[in-house]
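First, one chain by itself in structure tokens, the form predicted alone.
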């Protein structure tokens, strides 16, 4: 009887393990069924092109001798290329001014709209966000028209007062012209993120602060801003990545700026010129990966710094 009981117990355990295995396999397959389409698209449209571009960057094509494997020679050439370095220097300077300006405007607007709960505030929120909904190309063309000395409205407006309109497409003011376009395009988007973060703050904290005698300025600087620090870091990372990959606005305004913006104005424009104007895909790929490396290092350093000093706000 004991032997028979043990056999039945082992058979029951075996059947239980078999059923659990089938359930686990079914759950595994269901997981892949949901993740599979995304994985296919991710590999086909991101991993595969990046791998191919990395492969191209390791070769060099010459008229005499054909294509040869050069390992990191294209990267060495990029980091000693004056065109690439001057574009990277411009983007770095532009980031140092553009990012604090965008974040500052977005933060002020979010705090104002969070403190005001009227219909005008909702309308203002929509209007501030509207530039982000306009495609970058159309926004750049619109500002190119407004900046133009030949047919833009600034010339006529300044002419009414006997003054000369500033040339935001000239070499002296192109920095500020692009700064205005980028700020106009992205400040509203960052404002919406910060405003959503402010809406998640517990209102009882404000009531407690008011009972303790805190004013609006103290509530904003000592309660609201510290509590939305994660959202601020998020948009700082977004703006850092976007600005270092500056391309659309200068590429569109280049045709209106009469030589002010060259083909190597930013690293992305230089890579585009090498790849699609000069058919130098190998060097263009190397420039792109070199820029990607710079962006990765900058973002990692920023996140490392903010992780070490979470109380920086």
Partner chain sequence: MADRTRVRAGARRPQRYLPLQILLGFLVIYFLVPFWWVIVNSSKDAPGLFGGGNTLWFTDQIDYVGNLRQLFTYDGGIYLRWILNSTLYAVAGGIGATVLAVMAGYGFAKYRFAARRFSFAVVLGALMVPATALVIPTFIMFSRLGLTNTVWAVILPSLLNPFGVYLMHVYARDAVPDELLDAARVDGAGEVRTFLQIALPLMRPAVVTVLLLSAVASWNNYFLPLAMLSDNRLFPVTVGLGLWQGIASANNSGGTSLWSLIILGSLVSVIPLVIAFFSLQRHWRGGLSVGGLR
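Positions refer to the first chain, counted from 1. Everything quoted here is computed from the prediction, not taken from an experiment. Heads up, when I say rigid core I mean the largest set of C-alphas that superpose within 1.5 Å between the two forms.
Another form, the form predicted in complex with its partner chain, is not on view; read the next lines as being about it.
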Task: Sole residue of 114, 73, 167, 81 within 4.5 Å of its partner chain in the model of the complex, by heavy atom - done: 114
Task: its partner chain: the contacting residue among 199, 171, 86, 221 in the model of the complex [heavy atom, 4.5 Å] - done: 199
Open item on the list: Residue-level contact is defined here as any heavy atom of the residue lying within 4.5 Å of its partner chain in the model of the complex; does residue 216 satisfy this criterion?
Closed with: yes
Task: Interface membership of residue 49, its partner chain in the model of the complex, 4.5 Å heavy atom rule - done: yes
- [ ] Give a yes/no on whether residue 278 approaches its partner chain to within 4.5 Å in the model of the complex, heavy atoms considered.
- [x] no
- [ ] May I ask you to state whether residue 230 is within 4.5 Å of its partner chain in the model of the complex, using heavy atom distances?
- [x] yes
- [ ] Scan 251-272 and note down the residues that get a heavy atom within 4.5 Å of its partner chain in the model of the complex; none is a fine answer too.
- [x] 251, 252, 255, 256, 268, 271, 272
Open item on the list: Is residue 279 displaced by at least 2 Å at its C-alpha between the shown form and the other one when the rigid core is overlaid?
Closed with: no
